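In structure tokens, one chain follows: the form predicted on its own.
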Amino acid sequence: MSIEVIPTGAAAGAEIRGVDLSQPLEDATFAAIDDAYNTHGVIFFRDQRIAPPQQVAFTRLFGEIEFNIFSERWSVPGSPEIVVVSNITQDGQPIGIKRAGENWHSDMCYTARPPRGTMLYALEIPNLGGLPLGDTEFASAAVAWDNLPDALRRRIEGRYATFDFTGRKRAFPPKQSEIDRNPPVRHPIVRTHPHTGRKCLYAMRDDCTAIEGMAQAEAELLIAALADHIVKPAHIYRHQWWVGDVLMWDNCTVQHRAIQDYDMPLRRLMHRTTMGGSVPV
């Protein structure tokens, strides 16, 4: 395959052309994809046609599959590694997660080892008169760090924050067993990317609930200020989905949110996989 990496021109993101993900990848091709992923934080492939086992196999090239609370509720029959993200109902019951990720966040930041990244494969996209809806926005936490004043960098570097599973408002009420399995954890506010060494801000509303060694009121103000800084327009890439897109993002480099500008009868159907990561440092 002749691979081409085309940056979006935004703070994050690149399109990769010349790759058919339904076919096995040569080592050199995967190395180029992996490098683009680490460099750009978000990469996507257009016009793909892949079956669930092919998506699982491609995901595993980047790390072991990470299972979470969604996979226990909504997974693809025969492929428990894949979570269904959809607003479609059958027999009055949702077939997948309906309104997930409306607020800015980094996936599973409430765990001791947050996932390296997440992958979505678009099977159905809501469309209104030819206009695709349901975009996803990505904010570069790496560029956000680069653009912080030096004085604020010195103030927060080396500090740890508390991340709490119960802090986020969710589209569905978590079970007590899920809460019990996810006690509060501590992570650095400034993460170092495990592959590039680049520094990235790691703070967000709701999930991030306190900062060690700081009064609660002061911590809440700082968390809010950092969260707002990360998602400034200059730091954002907005992805407009097409059917056949395979897109993956790095949970250290970027935060993301789903734009909920559609509803039934406009249908959205995605297959999601998540790859395991390492303890943030």
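As the structure is a prediction and not an experimental result, all values here were calculated from the model. Just count from 1 along the sequence shown to find any residue number.
If you look for the form predicted in complex with a small molecule, you will not find it shown, but the lines that follow are about it.
Asks: The chain here is shown without the small molecule. Which stretch in 73-81, 181-189, 195-203, 96-104 comes within 4.5 angstroms of it in the predicted bound form, by heavy atom distance?
Replies: Stretch with heavy atoms near the partner: 96-104.
Asks: Of 108, 123, 120, 210, which residue is found within 4.5 angstroms of the small molecule in the predicted bound form when only non-hydrogen atoms are counted?
Replies: The option sitting close enough to the partner is 120.
Asks: Which of 136, 162, 127, 87 has a heavy atom within 4.5 Å of the small molecule in the predicted bound form?
Replies: Only one option qualifies, and that one is 136.
Asks: Taking the shortest heavy atom distance, is residue 235 within 4.5 Å of the small molecule in the predicted bound form?
Replies: Output for residue 235 is no: heavy atoms all beyond 4.5 Å of the small molecule.
Asks: So in the predicted bound form, does any heavy atom of residue 249 sit within 4.5 Å of the small molecule?
Replies: Residue-level check for residue 249: yes, a contact with the small molecule.
Asks: Please check if residue 272 has a heavy atom lying within 4.5 Å of any heavy atom of the small molecule in the predicted bound form.
Replies: Close contact exists here: in the predicted bound form, residue 272 approaches the small molecule to within 4.5 Å, heavy atoms only.
Asks: Given that the partner is absent here, does residue 258 sit within 4.5 Å of the small molecule in the predicted bound form, heavy atoms only?
Replies: Yes - in the predicted bound form, heavy atoms of residue 258 and the small molecule come within 4.5 Å of each other.
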